[in-house]
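The form predicted alone is given below as one chain in structure tokens.
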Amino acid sequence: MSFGLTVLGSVNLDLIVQVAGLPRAGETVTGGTYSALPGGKGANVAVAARRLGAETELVAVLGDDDYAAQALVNLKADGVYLDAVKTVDVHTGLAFITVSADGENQIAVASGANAAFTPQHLPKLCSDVLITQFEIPIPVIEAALEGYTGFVAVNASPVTPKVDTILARADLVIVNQGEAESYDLSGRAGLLAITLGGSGAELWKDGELVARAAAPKVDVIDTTGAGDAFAAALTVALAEGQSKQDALEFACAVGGLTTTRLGTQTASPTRAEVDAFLER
């Protein structure tokens, strides 16, 4: 693919504990297995898009600490362009993730450098496609969209107030069922993708259902990175010119394959893996 894709978003280091079952409020669960893996919705999407073949750059902010080097490992290994990643005197974003044996998770985030991202850290955006999410300050996204003429995909997660202007500018909005209920998206102009967990996903255009795809049958290990991988895959597929039905099926396959491995970036499949899976 020759188009340029910019991901504007967060970078975290994910500190993960795998346990038999998620703790209830006030409960301590022991016997867990620990790992530290690169994460953050922006970085996750950038790695996923790059593995699917898109020439990808990341625009983000890191802390001046040892966590930063760990958080960049996969981005560097996969060839994501990092010239627009800036450093500030705050700790790198951290996500504390608990994953149960059935793949469900709980996540608490210390935003750190992501919250210190300001419009002054932005370069001039010249790509054909922009993907962003809401783990960085909203004024940064608003500033990035000023004068931007490319295709804009917004994964409207986590749920954030006062983002109507951003959602109105987006050519594609991606949400899960809970997020869809939190925003007023009924009849919105443009494309709207709604993920339905184990039931697959739907794609709407100007208030009309234009595609529906089932979730692939896979052995689920960890659902943490599925939403980010789906967002990257759908955007890449549409930018390639795939039909809406094919693009949605492609994105569901990518999201499903991501759940078969632990982690977020580490779980993202390559284009070859996705193509082989779809052929089967």
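We number the residues from 1 along the sequence you see. Fair warning: this is a prediction, and the values are worked out from it, not measured in the lab.
There is another form of the same protein, the form predicted in complex with alpha-D-ribofuranose (RIB); it is not shown, and what comes next is about it.
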One stretch from 206-214, 95-103, 79-87, 169-177 that, in the model of the complex, holds residues within 4.5 Å of alpha-D-ribofuranose (RIB) by heavy atom: 95-103
Partner proximity in the model of the complex: T56 to alpha-D-ribofuranose (RIB), non-hydrogen atom cutoff 4.5 Å: no
G255 within 4.5 Å of alpha-D-ribofuranose (RIB) in the model of the complex, heavy atoms: no
In the model of the complex, N44 touching alpha-D-ribofuranose (RIB) (heavy atom, 4.5 Å): yes
Partner contact for A143 in the model of the complex: alpha-D-ribofuranose (RIB), 4.5 angstroms, heavy atom: no
Contacts with alpha-D-ribofuranose (RIB) in the model of the complex, stretch 19-43 (heavy atom within 4.5 Å): G39, G40, K41
